[in-house]
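Take a look at this single chain in structure tokens; it is the form predicted alone.
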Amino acid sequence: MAKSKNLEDQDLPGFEALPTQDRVETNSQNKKKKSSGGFQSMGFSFQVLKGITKRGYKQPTPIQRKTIPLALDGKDVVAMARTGSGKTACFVLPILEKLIAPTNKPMPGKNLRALILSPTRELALQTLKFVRELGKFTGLTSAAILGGESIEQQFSIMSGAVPDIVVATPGRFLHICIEMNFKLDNIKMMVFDEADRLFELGFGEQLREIVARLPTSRQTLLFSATMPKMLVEFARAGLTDPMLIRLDVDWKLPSTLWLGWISVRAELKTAALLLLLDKVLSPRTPQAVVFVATKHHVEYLNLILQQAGITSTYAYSGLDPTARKIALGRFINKKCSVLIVTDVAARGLDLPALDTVINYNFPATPKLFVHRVGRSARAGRAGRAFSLVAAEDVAHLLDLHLFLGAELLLPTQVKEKGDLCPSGVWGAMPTGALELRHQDIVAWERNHSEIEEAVRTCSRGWQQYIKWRESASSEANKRAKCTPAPVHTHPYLDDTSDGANDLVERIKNYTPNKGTILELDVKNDSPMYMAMKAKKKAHGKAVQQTRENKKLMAEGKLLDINLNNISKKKKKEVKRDENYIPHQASDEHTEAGMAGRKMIRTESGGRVPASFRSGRYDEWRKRNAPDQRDNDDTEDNASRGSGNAPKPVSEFRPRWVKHNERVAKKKAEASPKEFRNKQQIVKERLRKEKLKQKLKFKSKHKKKKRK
């Protein structure tokens, strides 16, 4: 406990932290707030409290207790906390409270007063839903500006009665601002949600351009699970005297999350997944999320689960946005049991009913593992995470445990089995059941051409994936070579006797003492026998040393012996010439990348693609000029109290809905004509005559062929 306190008190350079006296006071105040009702004691207005109660919140989480009071005081905040700790409410509630204050009334034509930037579409839609639920009784309007949606629909959102709160992805929002020449002068609050992920996805230039357009009097809130160096530099430039809040950073994973490591050969992973799902999916825990490396694995596993009779859906970044939304909706509404996703869904998504996460492909970095399994065990709920570990993943597993500071247990060290099995055990799958399942999968791949093609595509995709996947540390690779995979079945899946496990262990470690196969039933003067005798004489000591190392490996001493005995090769020192001038510029690759596409310079001096100012908004404005005047008239009537203002069209409609509306409109506008004029009658007669001639020609041609 003392260690966690010290880590929490450490401050990052460039950020202001809470003084010790203030921390003591806030701790004492928090104790009082617990007894006084939590959210009621934070000074929220009645409309916001009503939304909190309707949402079902009772007590604020630790990160909410520390962040919300500072945000309500108008201070810039940088908050770091693990996933599932309630960070979204930390910025939504202060935004609602600040915007309904009488001092922050919207100005004519400048109604946009709060901007929330999210890294992905799914997280942005989830945040928008959260804003609308908590702000249900405040009367504030909100909308989302996302890539993949109709930009003309978004023109209508941002050109009419602009919403009070906008949740957006950086690329599309900057496109809208430049295309419409949209001003952000009235922004009161700016939020960067999952800021580290924003930079990982390459939104750094867009973020800096958006910040340059914001007023200096704004309040900025930045929320992140980690604090990379690039994000620290950005926070120093974009925030004014920020208060740093670090919470639960030392634990990294929630205490209610149960971890299980399943050792399996790479070619048997699919069979292991089916066995695991048969064990995990039950009436009490009916759903699971499976994380894979590429979109090809997603489509392959979806076909396999269909053959196995398990209902599933899937989502990945290359999928149509509407299809992704429908897939997540099916899973959230419990229409299917398994959701197969890539890392696009590893951050920010809140799946309330989720109990189980399975890593089909082991994550390349510890941070990615934390965010994957963070989809379970959220907001104090219990959860579990299984990871399939092949031989090539052992080094990454060792790196992950070093990062978590956790102990890797073997099945022989654990007595409990089944649901009572403790967290952190590394075991194998039941061999018999695994082979039977693998035979089913081989039969499906042989009998279904679609699955057979998916297997070939997966193998090619995996070869490309491992080329750019981040490798494990050199120390972990050395330890992985000396770490044998467990033979005993994982206690959670154990359905075999101890005798069978001991027999498998003995067979694995068996080494013949009498001789090799070349020396059995052979005469002493044969060439094979003489050759093996000479080899043993030359390499006998090395063979004996290897056998001794195997014994020491079981005791965990092999790594130290290898490090002492292996002579370290001296690396050749690279001689550098001080007078050498490189022929390539330091920014050569950046300039080459920008040369491939036309760039324009913005108001802040930055450079963005020329497609951001293509004139589409001007064209849209000309086409919708009458509609725009009508909208202005209806808004004026509504402001005068007529009450006949039309409701705004929802900005999230699938494309097929818009298509059907256009078709219905054309049918309604087309007036039915009972009588035809002379030209139409003649045209119809000529068409029928041509058709008759074609039919006669075809029939004559067929008769000639028969003759």
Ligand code: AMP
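The first residue of the sequence shown is number 1, and the count goes up from there. Note that the coordinates shown come from a computational prediction; the quantities given were computed from them, not determined experimentally.
Another form, the form predicted together with the named molecule, is not on view; read the next lines as being about it.
K.L.:
Does H488 reach the named molecule in the model of the complex if we count a contact as any heavy atom within 4.5 Å?
P.N.:
Judged by the heavy-atom cut-off of 4.5 Å, H488 is well away from the named molecule in the model of the complex.
K.L.:
At the 4.5 Å heavy atom threshold, is Q544 in contact with the named molecule in the model of the complex?
P.N.:
So Q544 does not count as contacting the named molecule.
K.L.:
Would E475 count as a contact of the named molecule in the model of the complex, using a 4.5 angstroms cut-off between non-hydrogen atoms?
P.N.:
E475 belongs to the contact set for the named molecule.
K.L.:
Would you please decide whether A382 lies within 4.5 angstroms of the named molecule in the model of the complex, comparing each non-hydrogen atom pair?
P.N.:
No, A382 stays farther than 4.5 Å from the named molecule in the model of the complex.
K.L.:
Every residue in H296, T322 and V657 with a non-hydrogen atom within 4.5 Å of the named molecule in the model of the complex?
P.N.:
Checking in the model of the complex: none of H296, T322 and V657 is within 4.5 Å of the named molecule.
K.L.:
What is the one choice in R113, R82, R437, H396 with a heavy atom within 4.5 Å of the named molecule in the model of the complex?
P.N.:
By the 4.5 Å heavy-atom cutoff, the listed residue in contact is R82.
K.L.:
Which of R613, K367, R121, R479 has a heavy atom within 4.5 Å of the named molecule in the model of the complex?
P.N.:
Here the answer is residue option R479.
K.L.:
Where does the named molecule sit in the model of the complex: which of 255-263, 85-93, 208-216, 155-163, heavy atoms within 4.5 Å?
P.N.:
In short, 85-93.
K.L.:
For 288-315: residues with a non-hydrogen atom within 4.5 angstroms of the named molecule in the model of the complex?
P.N.:
Contacts from 288-315: none.
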